[in-house]
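Shown next as structure tokens: one chain only, the form predicted alone.
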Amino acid sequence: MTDAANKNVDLDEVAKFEALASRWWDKNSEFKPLHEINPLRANYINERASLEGKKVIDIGCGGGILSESLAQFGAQVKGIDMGEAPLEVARLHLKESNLEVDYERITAEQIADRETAQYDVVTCLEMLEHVPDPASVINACMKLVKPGGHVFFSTINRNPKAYLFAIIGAEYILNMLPKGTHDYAKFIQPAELNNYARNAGLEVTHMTGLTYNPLTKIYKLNDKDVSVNYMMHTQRPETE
């Protein structure tokens, strides 16, 4: 691994998810929220990028929950992650799902050097808040996508409400996530993500929030509420 790529891997973060790998596809485990929001995210991506027949790369794919959903829409999917244990779980699950996804342990920066402008769609969900330099990953996403192609990000806003909901509520009160899953200092405000994307050369086309009602236990996409979890759709210009 190059020094630049190596610097943008937080080994503590990788270890955190490696320890949970065996439970990735258990819908009643710590990954239950991920399973519940996955259809909303996958549908959002498909509605905006029409995945049938498209070449897609899922950056920070973990155990493959999103990668498999994108493949179900008819995309040719590659999933990358730096955790070998989640990738092994992802590969094993393909035997149950009978889907085709190509998984590889590699950083976004490394594969961007190798497969420049090779993908119609790039997804990078719930990953930016787990790396030391999110701008480096976003630049790699821009490098990976073809001119006119789509890049999707999701992350967590940084404000008191997000701290209350994503850390205190989800990790300590509702026990929806393991304690220590998130570091508040690494959360990213929409304006910051917008700037990262624009500085990389991507055009921001849409943003939506992901809201959770703890009483009904229902998740919804809401364009008017990006105060906690949110997704951003960007595109690489056809001509630059």
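Bear in mind that the values here come from a model prediction, so they are computed numbers and not experimental data. When you see a residue number, it is the position in the sequence shown, counting from 1.
Not on display, but discussed next: the form predicted together with a small molecule.
Asks: Only one of these stretches, 122 to 130, 70 to 78, 158 to 166, 143 to 151, has heavy atoms within 4.5 Å of the small molecule in the model of the complex; which one is it?
Replies: Checking each option against the 4.5 Å cut-off leaves 122 to 130.
Asks: Is I188 one of the residues lying within 4.5 Å of the small molecule in the model of the complex, judged by heavy atom distances?
Replies: Answer no; every heavy atom of I188 is more than 4.5 Å from the small molecule in the model of the complex.
Asks: Determine whether any heavy atom of G83 comes within 4.5 Å of a heavy atom of the small molecule in the model of the complex, and answer yes or no.
Replies: Taking the distances in the model of the complex, the answer for G83 is yes, it comes within 4.5 Å of the small molecule.
Asks: Find out whether any non-hydrogen atom of N8 is located within 4.5 angstroms of the small molecule in the model of the complex, and reply yes or no.
Replies: N8 belongs to the contact set for the small molecule.
Asks: Using a 4.5 Å heavy atom cut-off, state whether W25 contacts the small molecule in the model of the complex.
Replies: Outside the cut-off, so no.
Asks: Only one of I65, A42, L193, A49 gets a heavy atom within 4.5 Å of the small molecule in the model of the complex. Which one?
Replies: By the 4.5 Å heavy-atom cutoff, the listed residue in contact is I65.
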